[in-house]
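The form predicted on its own is given below as one chain in structure tokens.
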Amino acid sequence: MGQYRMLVDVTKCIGCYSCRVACQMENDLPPDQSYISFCEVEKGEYPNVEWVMHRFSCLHCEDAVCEKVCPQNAISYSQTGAVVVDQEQCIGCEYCEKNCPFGRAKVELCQDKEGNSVSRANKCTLCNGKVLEGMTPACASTCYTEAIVFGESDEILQKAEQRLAEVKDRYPDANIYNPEGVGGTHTIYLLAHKPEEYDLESDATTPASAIIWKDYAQPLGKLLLGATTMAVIGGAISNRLFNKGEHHEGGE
């Protein structure tokens, strides 16, 4: 199976929220909860007012910070390109939530198989299960303005470039948001304005400390010390390196 991407074209979005409702229904979420949020910004002055809006969820980074800082290896890459959470492995440590450069991972209370309340990471999965079965993510299949389209990676990148050329006359600052600092993403955006207008970081990156820890220190540690010993040591090191909330509270 090849890799897939989603394109969100904000120039076509009318803020109907059908994608959000579809997400809630697909994931059996309550009305006040969804893996999709909306960014709405008012630009200009009356009577020349423009509403800048778009749906926003996990971007599914190629080099995902959440995957690197997770001490339980509960976050992984699907063959589709999606970044997914294994609920059985997750311990609710919040490292993913505190380190995601886009603020998309959320640790919330839910019920385990025994009915106990537990903290677990939740986020958009790009409807990974549906895609593996040859179907389209719920949000894309319900967007009647085609502001959300889904398909093979190369095809979506080509569509994004074509659409960018079409809207440049109307939106001179239009751009494709696919930040290289996180290796690119599997949810990309065609933005009408600069990323900052949409509360997006133009220079979002994967921290060097996370890369060194996940790609070098952990594999070497498991080889020298064994997986079990490294898991114990890794929990302490991860807590020190990646728990931003506690780090700042300590004044260091």
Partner chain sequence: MLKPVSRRSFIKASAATAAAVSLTSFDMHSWMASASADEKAAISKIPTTCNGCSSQCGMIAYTKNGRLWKLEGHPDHPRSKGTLCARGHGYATLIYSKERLEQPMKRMENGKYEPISWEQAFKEIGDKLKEIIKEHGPESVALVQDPRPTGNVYATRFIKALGSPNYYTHHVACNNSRDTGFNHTIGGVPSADIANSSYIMFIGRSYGDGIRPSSMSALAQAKENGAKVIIVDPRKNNTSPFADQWLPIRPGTDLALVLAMAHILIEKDLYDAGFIEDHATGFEEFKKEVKQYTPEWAEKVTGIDAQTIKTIATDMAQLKPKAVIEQSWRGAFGCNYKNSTETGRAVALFNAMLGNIQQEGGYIFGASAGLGDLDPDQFPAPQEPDAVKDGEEDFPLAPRGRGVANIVPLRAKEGKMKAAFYHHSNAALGYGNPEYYKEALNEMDLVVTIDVQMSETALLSHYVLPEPSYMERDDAVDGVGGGTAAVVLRQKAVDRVHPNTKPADEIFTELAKASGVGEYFTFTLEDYNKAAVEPLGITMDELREKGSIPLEDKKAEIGTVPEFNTPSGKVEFASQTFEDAGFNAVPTWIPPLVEPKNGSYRLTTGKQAIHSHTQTANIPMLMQITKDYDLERLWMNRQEAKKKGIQDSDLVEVSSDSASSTVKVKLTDRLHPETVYIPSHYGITSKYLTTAKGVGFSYMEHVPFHFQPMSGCSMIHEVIVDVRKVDA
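Because the structure is predicted, anything quoted here is derived from the model rather than measured. Basically, rigid core = biggest C-alpha set you can superpose within 1.5 Å across the two forms. Numbering follows the first chain given and starts at 1.
One more form of this protein should be noted, the form predicted in complex with its partner chain, which is absent from this view; the next part is about it.
At the 4.5 Å threshold, heavy atoms of E26 reach its partner chain in the model of the complex. None of the heavy atoms of D169 is located within 4.5 Å of its partner chain in the model of the complex. Contact annotation: A174 falls outside 4.5 Å of its partner chain in the model of the complex, judged by heavy atom distances. The closest non-hydrogen atom of V84 lies within 4.5 Å of its partner chain in the model of the complex.
Contacts to its partner chain in the model of the complex (heavy atom within 4.5 Å) from stretch 33-49: Q33, Y35, I36, S37, F38, E40, E42, G44, E45, Y46, P47, V49. A movement of the C-alpha atom of E196 falling short of 2 angstroms is seen between this form and the one not shown when the two forms are aligned on their rigid core. In the core-superposed comparison between this form and the one not shown, the C-alpha atom of N48 has shifted by at least 2 angstroms.
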